[in-house]
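In the form predicted on its own, a lone chain appears below as structure tokens.
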Amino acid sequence: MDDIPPYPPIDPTTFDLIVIGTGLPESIIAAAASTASKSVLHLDPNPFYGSHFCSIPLADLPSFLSTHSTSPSPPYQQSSDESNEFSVLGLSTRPLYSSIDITRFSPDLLDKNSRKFNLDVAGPRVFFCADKSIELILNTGANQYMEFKSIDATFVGDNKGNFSSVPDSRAAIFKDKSLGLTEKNQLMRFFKLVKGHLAGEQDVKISDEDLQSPFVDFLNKMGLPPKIKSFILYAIAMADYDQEDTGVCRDLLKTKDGIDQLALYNASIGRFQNASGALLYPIYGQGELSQAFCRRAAVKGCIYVLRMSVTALLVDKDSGCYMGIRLASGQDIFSQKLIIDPTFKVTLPSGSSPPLPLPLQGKLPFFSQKDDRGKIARGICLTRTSLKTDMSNFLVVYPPRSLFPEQVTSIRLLQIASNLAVCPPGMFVLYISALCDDEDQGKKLIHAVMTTVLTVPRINSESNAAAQNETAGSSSTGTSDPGEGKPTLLWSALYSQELTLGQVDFICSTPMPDGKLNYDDLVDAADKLFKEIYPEDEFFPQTSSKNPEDDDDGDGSPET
């Protein structure tokens, strides 16, 4: 990047809002603020959009992960000629990824095609056709900047490599040959009960007592067998933890929430003409979502500057209130509000002698401490053949205990093919994720899936320290085990990601990619944060007609 000319000074130098990082929550908030007629400056130290929600080429992924597995930013050095108007607080990054393990088995093939991949850093992710994120995309016109394709099917996997279709509709139940007649009747009666309850039919209304009870207890009350319960809990309601073991379950799903998820799933099936199933995936990868909202914000006047690092915050010396930021170029930019990517932490600059303002002394540790909310293990695998010979794009859910007895969380696998422009023709990308307590547990979960569905060549994996060597052209090869009909692994990246929540104080930070399959929780978090900083403004107000300033002229539905 040394050959890139320096940016000219940013003009103007004062904004209503500055946003650092172009991840999904930050991009949504920037678009919402711009729509509310706020002046917004949106910065990102990366040369691409999306931050930790990005989709990037294969060649760039190892360096991106390794860069964010350490804290490379040195403490801000305070100079002797600092202004008397404000104090300067350093802004550095905290590590986000750990236990990075990258392995290559076909270096020549991958090097030749490395720029033809668009790999999701925060995968696996999908959209339900009727979820909040799709509604937001439609309501804001961001769909004019994205195209989608349908995910073909959803399956439940086991430790023998078998995939069972999820009977998520009346037609699917009738077609499912793995279900007996009794199981089909039980499932049909249950779906009929749920449909009647949602329609407000009094004779089939689920009681308030049942709605507040654990969903698994309600399913037991309905007499559903274990196989059907597993499908409903983990492949339709998308529960993360073992719902039948209260000793390990950290998120016990209530019946009301389970019914709402069933309703979402049902409403998603067949909503769009060219999407046969309940799930969608964006062409070119999940990073397109952040870019769509950035384009939406730019149409409304937001100013974007990539490759621009921020080194420090400026705060009033007397009150401790936030005033602005200092760029790596040395320019000071001011704003009323600031939102930052949560990987940033605020620190006292090196060599700082004046004491901090009293109002700020209690707030600084709040933004410097590590917000430990657990981890999520992620894996990306590349193959040349599909896990199912007759299908390209599909989701597989491994319920708790389905792979080994100590598995207490669901594991999700999403296979995506070249027709979604994420990889070269004839190749497939597998995204795997699972919530975990530590790196060792996370790797065990990801490896359990990989060894079940893939032929993994015999080789010692590269360590985290060796991950940087791959970017310089190092590679690994090995002798393959007998395939047994399973796809052979070409390349894999395994890593753990910290889970952090957003914080609101004298500055605000957004949440990191979570362990959910869709984006609803992140959309809710962006909505809440926007209302915290702008309580008098509406979050993307509904309009009866399109704004002529928008450069969209579509029909208001995703292109699938």
Partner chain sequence: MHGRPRKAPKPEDEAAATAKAQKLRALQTQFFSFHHSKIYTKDAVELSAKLLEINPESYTAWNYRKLAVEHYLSQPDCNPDSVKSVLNDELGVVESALRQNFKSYGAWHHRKWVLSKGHSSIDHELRLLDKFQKADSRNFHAWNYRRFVSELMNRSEKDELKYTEDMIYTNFSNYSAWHNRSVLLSALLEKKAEGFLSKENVLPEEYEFIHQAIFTDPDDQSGWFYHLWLLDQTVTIDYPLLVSTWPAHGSDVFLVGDRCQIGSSSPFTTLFSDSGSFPIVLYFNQPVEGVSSSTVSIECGFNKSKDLLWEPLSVSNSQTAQVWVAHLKFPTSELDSSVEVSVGHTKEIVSRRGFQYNHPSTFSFKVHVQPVERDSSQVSVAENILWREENFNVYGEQAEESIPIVSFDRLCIKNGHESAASNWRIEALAKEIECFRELLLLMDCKIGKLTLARLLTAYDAMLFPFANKLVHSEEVLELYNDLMKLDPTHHRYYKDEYSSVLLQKMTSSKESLLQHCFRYKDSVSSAIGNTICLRLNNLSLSRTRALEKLLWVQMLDLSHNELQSIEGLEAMQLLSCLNLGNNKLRSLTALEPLRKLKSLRVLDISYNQIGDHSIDTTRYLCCSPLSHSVGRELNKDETVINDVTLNYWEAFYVFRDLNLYQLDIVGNTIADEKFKPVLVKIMPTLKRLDGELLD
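These numbers come from a predicted model, not from an experiment. Numbering follows the first chain given and starts at 1.
FYI, the form predicted in complex with the partner chain isn't displayed, but the following is about it.
In the predicted bound form, at least one heavy atom of Arg170 sits within 4.5 Å of the partner chain. In the predicted bound form, at least one heavy atom of Lys184 sits within 4.5 Å of a heavy atom of the partner chain. Proximity of Phe404 to the partner chain in the predicted bound form: non-hydrogen atoms within 4.5 Å are absent; the residue sits far from the partner. Of the heavy atoms in Ile206, none are within 4.5 Å of the partner chain in the predicted bound form.
With the partner removed from view, the residue among Arg115, Lys192, Lys388, Lys256 that has a non-hydrogen atom within 4.5 Å of the partner chain in the predicted bound form turns out to be Lys192. This chain is drawn without the partner chain; in the predicted bound form, the residue among Arg458, Lys221, Lys177, Lys160 with a heavy atom within 4.5 Å of it is Lys177. Contact with the partner chain, judged by heavy atoms within 4.5 Å in the predicted bound form, is confined among 331 to 339, 184 to 192, 264 to 272, 148 to 156 to 184 to 192.
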